[in-house]
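Next comes just one chain, in structure tokens: the form predicted on its own.
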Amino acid sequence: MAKAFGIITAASNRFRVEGLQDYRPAGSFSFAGRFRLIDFPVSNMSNSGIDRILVYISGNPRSLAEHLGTGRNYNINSKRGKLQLLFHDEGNINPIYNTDIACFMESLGIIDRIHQEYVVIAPCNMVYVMNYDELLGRHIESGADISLLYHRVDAVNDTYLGCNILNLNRQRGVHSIATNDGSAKERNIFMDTYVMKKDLFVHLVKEAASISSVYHLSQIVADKCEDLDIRGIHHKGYFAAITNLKSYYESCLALTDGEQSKTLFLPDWPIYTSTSDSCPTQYFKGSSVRNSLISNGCSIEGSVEHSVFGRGINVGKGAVVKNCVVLSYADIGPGVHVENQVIDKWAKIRRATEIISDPDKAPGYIRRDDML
């Protein structure tokens, strides 16, 4: 698809995942064991034929920059395409300045030099599968100025708090954009995904920056609902919004359901990632693993139930891991019982023999590289 280039917004102050985000940007979060959140929007774009992609990063960018590399792992041909990382540091002054508009303003010169007529903008904290070639085709066919992707969900009073919602008319025209406050059961959750012409995008960015230094793209688009033809496009299939630690935890564990997993990992739509060659996971005599996703390189002597494991995790003899999201290279010692936890990379649990959080509240978090 040569008509559009892609922008992935990995820098924003709208959401923060407690604990995990102290060490890495949201795009670098582990997901489904062996993937990162950034893998999904980049793979969607690559599979859709978009090979000119800008990725905006702020805050502890090293891990994300190393993971993305040159884009080679995402089947992006470096001779005709490019995956470019753009760093934003205004948030170091005050987090309120860490907006997508501020990022775009810093790189308008780069955007102006891109020859594609259209732009597809996607977030890194929302996980879904979408053919952007089809999305662009529907946008052009409709004659709209801007198309916004949304997902119809229920139970928004418990989840998706803080996400934007689209209020639509019968023709799926957007007449307003608001923040989900949990006051209604069913809502059209805006997936922070836009399609528009590049020239209109640049105009909106400049106008937003002139209005306020803390404006977001969604706010200037909301201001234009009466002046522009803005349409909503309904997304069907798997959808997860990572807005806090609880939503991250629940979204990861939901993939232990095989039927849920099938709606995200489609046979004809590969999700690319940076590979890590290691031996298969070893399951020792007496170990037990049920209803879990286990990545390669692990060593399991104890019991694992309804959990998601990254690479290279050790579970000692007699240990019990239940309802946990465990990131790579964590070490859970013999006899330890952990339940309802997010365990960060390289954490070691040896002497704290029982760590259990209330399943009806937010999960517990064990810090990266910590020794318990």
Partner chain sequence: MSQSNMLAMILAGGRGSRLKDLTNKVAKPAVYFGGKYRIIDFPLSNCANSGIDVVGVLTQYESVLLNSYVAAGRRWGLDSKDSGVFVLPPREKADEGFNVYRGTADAISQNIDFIDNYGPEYLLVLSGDHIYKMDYDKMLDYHKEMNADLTVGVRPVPWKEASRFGIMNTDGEGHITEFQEKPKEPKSNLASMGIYIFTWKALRKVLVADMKDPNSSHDFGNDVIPNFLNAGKTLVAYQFTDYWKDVGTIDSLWEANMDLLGSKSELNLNDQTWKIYTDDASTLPQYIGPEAEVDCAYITQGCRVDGLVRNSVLFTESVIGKGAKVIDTVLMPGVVVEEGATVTRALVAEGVRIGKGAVVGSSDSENILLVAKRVKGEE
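In this text the structure is predicted, and so the values were computed from the model without any measurement. Numbering follows the first chain given and starts at 1.
As for the form predicted in complex with the partner chain, it is not shown, yet the points below apply to it.
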In the predicted bound form, Lys285 touching the partner chain (heavy atom, 4.5 Å): yes
Proximity of Tyr272 to the partner chain in the predicted bound form, heavy atoms at 4.5 Å: yes
Non-hydrogen atom contact Lys345 with the partner chain in the predicted bound form at 4.5 angstroms: no
In the predicted bound form, Ala32 touching the partner chain (heavy atom, 4.5 Å): yes
Contact residue in the predicted bound form, from Asn296, Ser142, Ser213, Thr179 (heavy atom within 4.5 Å of the partner chain): Asn296
Interface residue in the predicted bound form among Arg290, His203, Arg138, His234, criterion: non-hydrogen atom within 4.5 angstroms of the partner chain: Arg290
Candidate stretches 179-187, 127-135, 106-114, 250-258 - the one whose heavy atoms come within 4.5 Å of the partner chain in the predicted bound form: 250-258
